[in-house]
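In C-alpha cells, the next block holds one chain alone, the form predicted alone.
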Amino acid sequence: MEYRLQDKQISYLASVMRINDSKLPAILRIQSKVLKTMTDILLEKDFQWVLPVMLAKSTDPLWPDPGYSIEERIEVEVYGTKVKTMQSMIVHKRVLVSLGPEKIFILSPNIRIESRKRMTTGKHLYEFTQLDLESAYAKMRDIFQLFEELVTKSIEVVKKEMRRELEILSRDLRVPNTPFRVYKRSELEKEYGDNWEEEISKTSEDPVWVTDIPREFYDYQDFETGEWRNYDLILPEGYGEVLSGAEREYEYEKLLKKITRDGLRKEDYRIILDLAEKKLLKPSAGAGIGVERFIRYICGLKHVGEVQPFPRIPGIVPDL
C-alpha cells in the first residue's frame, strides 16, 4: 500500500529541506563545535581515528533489533563481486580492535533505507553519521562513563561558547547531571508497556541508559540468565534514542549459535567467526552515537533532517 502524506505534512517536510534556511549556519557551527569537542576528548584518551568503510561484503544485519524497519538493502557489484552499503561498521570494528589498535573511533556514514512510514517521526534518516567507537577489554560501565563525559562536555562547551547560535535557535539548553540513571528494559516495559522509550524520554530530565535489549548476535548475552549486556542512551524532552552499544560476543560457539538462531548466513561473518575459532577475537565494548540526532537535541529542532544541508528523510529523494 502506498504511503500518503497529508498536505500539512508535505508543507512541513518541504520547509525542512530549505538549504538557505537562516538557522542552518548556526546549526552547522554548533555541530562543528560538538564534533571537535568529542574527537579531542577521544584523541586525548589515546583512541585512534579511523576512516570509514562504505562498501563491504559484511555489514551489520540490523536483525533482530526491535527497532528494525528497513525497506530494502542496497547491494552493488564491484569487480564482479556483490557488496553491501554500510549499515554500521560493527564487524570492521571488532576485527580491527582484535588485530590492530585496541581503541578506535570513526565518523561513520551509514545507509539504512528506513520505512517511509517513519518520514514524520522527526528522528529518522536513511543516510546518517555515527560517532562510532570500540575499545578492547572495555566493559559496559567504561562506555557509560566515556559517553557521559562526551555528552556533558559537549553541552557545556556549546552553552559557554555558542550563546549567539543558541539565541538564533531559541534553545534553552541545560547541562545534564551525571552519572545518568540506568534502567533495565524489562522494568520500563512493566511500567510503560511497548512505548517505554517514548515515555521515559518524555518524563526524564536527563539522558538515561536502558540495558538488556534483545537484538543482534554480536551483543553479549548471558545464556544462563538470558540477560544482554547492551544499552541504549535515551535523550530527554521526547528526543528519544541517540546511541546503541554493547559488550561484545567473542566466543566461537556462542557466535555460531546466535547467527544460526537469527537465520543469518555464516558466510557473511566468516572473518569474525574464524577469528573467534582461533581465539583471536578480543572481548570489547563500544557504541555509536547518532551525530544528527544529538545535534537535533542540542539545537532543539523539530526534525533531524534540519541538521543536514541535504536532508535524507525516509520516503523523499531530493535532487541533491
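Here the structure is a predicted model, which is why all the values come from computation and not from measurement. From 1 onward, residues are counted along the sequence shown.
Absent from the display: the form predicted together with a small molecule. The rest refers to it.
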Residue stretch of 40-48, 267-275, 25-33, 281-289 approaching the small molecule in the predicted bound form, non-hydrogen atom distance within 4.5 Å: 281-289
4.5 angstroms heavy atom contact with the small molecule in the predicted bound form for Tyr218: yes
Partner proximity in the predicted bound form: Ser244 to the small molecule, non-hydrogen atom cutoff 4.5 Å: yes
Proximity of His92 to the small molecule in the predicted bound form, heavy atoms at 4.5 Å: no
Glu249, heavy atom within 4.5 angstroms of the small molecule in the predicted bound form: no
Within 4.5 Å of the small molecule in the predicted bound form, all of Phe144, Thr152 and Glu205 (non-hydrogen atom): no
